[in-house]
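Consider the single chain below, provided in structure tokens and representing the form predicted on its own.
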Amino acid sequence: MASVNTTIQLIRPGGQVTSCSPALKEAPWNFDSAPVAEYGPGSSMFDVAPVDTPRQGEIPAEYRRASDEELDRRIRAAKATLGDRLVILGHFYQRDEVITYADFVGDSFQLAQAARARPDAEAIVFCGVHFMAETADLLSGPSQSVILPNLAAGCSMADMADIDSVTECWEQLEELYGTEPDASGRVPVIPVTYMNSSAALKGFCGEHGGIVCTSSNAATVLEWAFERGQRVLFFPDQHLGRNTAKAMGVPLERMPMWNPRKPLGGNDAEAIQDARVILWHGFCSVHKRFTVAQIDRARAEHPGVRVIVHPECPMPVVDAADEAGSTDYIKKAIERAPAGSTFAIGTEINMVQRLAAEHPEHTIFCLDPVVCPCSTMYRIHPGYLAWVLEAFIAGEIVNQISVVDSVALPARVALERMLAAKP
């Protein structure tokens, strides 16, 4: 099966295969000099990027002009030269042309743990997005350098909750709830941030008695929070929060949405007082694309299909699917299935097509028939990887991601709480 990038390059107008943007055919450096910050073509292209979104300056022409074969030769040569001084981490959603060089492939937390497990590596090159590189920096050693090949590889969902907006929300909640614990010692509200958030928000949770969660341990983390707080403020992804809390028995009417642009998030005081989980108005543009109609079509065309979606999908989609789980859950479900199984998967297209290529004994396809990768993951390209590796060999660390101590110390507290919250 062709890679997503190859598939996109072969798409022709009027053909059976379509993409969400013709600009996906272009090299990512064509968007580095855009006059305003943008996420680039793909699933997040219509999301508004904050003005302070990291921008990637133009990389040297030799990397932009190099053929695929030349980049492959230079990257492999650089890896051989650096040896154990280097570890390359690749997220499940990266393009195959980058994953081929990864020493570890996984989700954001698995890769951060992989970085932690390689204390002797001087350079940790994170082929993912900005918040992932920040987390790797939080969990790596002081002598290690975490490098993001393209600074424009951010995350529109993570950008939907910023430290100023969350702090303002918290102040409004404190004014309404007060700060005193109840008779059982539970504080009025506990902040919980998804791993897909900035280091600043992880630090906020660490400072305010809160915790970090992943898509695979969100229920365990909410249980931890409910033991210590009367309510939870969950950000930035509304869908993971809603789907997880609903499965735990929290009524929908006790999960108001918080819109940071409105007083009390657009709610009345009674709704906020009665809340069990306050959901931030954020979402993943990849997983927002999946619909119940797509599931109905998959079932009609493939009787007996097993539908698995990511819990960042909207609630009706999760309810209509057979299962919902993290990227690692999806991967393991496919690995353990009997040969001849048919899967319709609701997550990022690069991962789905890679699973289909790795498991020819199954029929595996993406629920969304339109090829539309994660915009920001797609900003990583072998040209950027070759650039940062050869610069490191020459003694220059480019695109280093460093979290300042004032943020890193409380962020690590929130992460350690997550690690200690066992199912």
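Keep in mind that what you see is a predicted model, and the values were worked out from it rather than measured. We number the residues from 1 along the sequence you see.
The protein also exists as the form predicted in complex with a small molecule; that form is not presented, and the subsequent description refers to it.
Peer 1: Checking a candidate spot here: are Leu89, Glu122 and Glu390 all in contact with the small molecule in the model of the complex (at least one heavy atom each within 4.5 Å)?
Peer 2: No: none of Leu89, Glu122 and Glu390 comes within 4.5 Å of the small molecule in the model of the complex.
Peer 1: Answer for Glu312 alone: is it within 4.5 Å of the small molecule in the model of the complex, judged on heavy atom distances?
Peer 2: Glu312 belongs to the contact set for the small molecule.
Peer 1: So in the model of the complex, is the small molecule close enough to Met132 to count as touching (4.5 Å, heavy atoms)?
Peer 2: Yes - in the model of the complex, heavy atoms of Met132 and the small molecule come within 4.5 Å of each other.
Peer 1: Answer with yes or no whether Tyr93 is in contact with the small molecule in the model of the complex, where contact means some heavy atom within 4.5 Å.
Peer 2: The answer is yes: Tyr93 has a heavy atom within 4.5 Å of the small molecule.
Peer 1: At the 4.5 Å heavy atom threshold, is Asp137 in contact with the small molecule in the model of the complex?
Peer 2: Flag for Asp137 set to no.
Peer 1: Have a look at Gln353, Asn243, Ser198, Ser326 for me and say which one sits with a heavy atom within 4.5 Å of the small molecule in the model of the complex.
Peer 2: None of the others qualify; the residue that does is Ser326.
Peer 1: Picking from 142-150, 101-109, 250-258, 76-84, which part of the chain touches the small molecule in the model of the complex when contact means heavy atoms within 4.5 Å?
Peer 2: The contacting stretch here is 101-109.
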